[in-house]
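This document opens with one chain alone, in structure tokens, the form predicted alone.
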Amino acid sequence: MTPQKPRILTGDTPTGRLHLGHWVGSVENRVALQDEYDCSFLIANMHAFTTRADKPGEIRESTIEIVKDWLACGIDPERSNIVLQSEIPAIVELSWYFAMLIPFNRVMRNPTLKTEIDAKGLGDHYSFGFPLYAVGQCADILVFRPELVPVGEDQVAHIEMTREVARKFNQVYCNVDPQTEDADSVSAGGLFPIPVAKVGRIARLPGTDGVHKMSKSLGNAIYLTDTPKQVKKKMGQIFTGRQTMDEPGDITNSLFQYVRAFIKDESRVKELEQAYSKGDNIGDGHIKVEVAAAISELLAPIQERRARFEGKGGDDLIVDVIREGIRKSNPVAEETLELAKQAMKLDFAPRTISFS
């Protein structure tokens, strides 16, 4: 079961179709790393129940839609595993064991968790499962024993907690010296590598409101499925505060974050930056149109590939891909669980997981 290439694990909670923030923050990275790494990409459909337990049909639909987006973006199920969280029993069992290794107050100090509570207006009315998912995410990752986790900037805090859990397990159950360097953890006898977060080239893409991070819930997203007309309209909504074409502009504003993210020609980017910063008769509207065209050029092949799954039978093709990913992923996860239970002196009887 030892991989020929180092492992990567990352994924998404199915909340609907992917947007440009997902692409530049993580998905672009995933596509590029498929040849160099043994990649597993997880659909965290169980985590979706932490805030939408009353909407199982919606979660199922979102699960299928997100796999369509992944395949359209270039995730290749022949080179990478697509993992459906709810069908990997080892994740649930490891979540229980990991929950004993991290204090409750540490979980609640997780800044990503606190941000989600505020952003979703949960107050103190969230389910017990909501903070539990932060521990479950540690199991999502560590069950595949990856070395690298490509994520957006907002998920780095989750990865740090995963690193803490991996260290604690290795120290408590594998007798790894606490002074051991993270990179040497496995060679020192630890079961789990201490995974490293890999943030995409754009750590935080602002939404079309020009203020907040791009987000479906805030209504400020450009989706990978948006038409050129929709992209142009949404780009036109970005507010910079600049009044006239001859007024010097701030090239650190949201609009120019899009310029640098999506215009491929670096010399053109420099031209735009110089003209804009000098107030050299160049308007926001012109730049928005140019960026919109670059975005639509990026999205065209993605949308063309996605169209294969939009017609009759498309969802069935996606379910077949998911089932094959389940078949390929469970042996890896079960191996990790078996080794973990051996380290914890819980290996009373072997078990076999099979899927038809």
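Source: prediction; values computed, not measured. Note that residue numbering follows the sequence shown and begins at 1.
Omitted here: the form predicted in complex with a small molecule. The next part is about that form.
Novice: Does S40 make contact with the small molecule in the predicted complex, using a 4.5 Å heavy atom cut-off?
Specialist: Looking in the predicted complex, residue contacts with the small molecule do not include S40, since no heavy atom lies within 4.5 Å.
Novice: Do G249 and the small molecule come within 4.5 Å of each other in the predicted complex, heavy atoms counted?
Specialist: Judged by the heavy-atom cut-off of 4.5 Å, G249 is well away from the small molecule in the predicted complex.
Novice: So, in the predicted complex, is D154 in contact with the small molecule at a 4.5 angstroms heavy atom limit?
Specialist: Taking the distances in the predicted complex, the answer for D154 is yes, it comes within 4.5 Å of the small molecule.
Novice: Is M214 part of the interface with the small molecule in the predicted complex - any heavy atom within 4.5 Å?
Specialist: Output for M214 is yes: heavy atoms within 4.5 Å of the small molecule.
Novice: When the small molecule is placed as it is in the predicted complex, which of 83-91, 178-186, 101-109, 215-223 ends up with heavy atoms within 4.5 Å of it?
Specialist: Heavy-atom contact with the partner occurs in 215-223.
Novice: Of the residues R268, R204, R79, K114, which one places a heavy atom within 4.5 Å of the small molecule in the predicted complex?
Specialist: The residue in contact is R204.
Novice: Within 4.5 Å, heavy atoms only, which of K120, R242, R260, K233 is in contact with the small molecule in the predicted complex?
Specialist: If I apply the 4.5 Å criterion carefully, the residue I get is K120.
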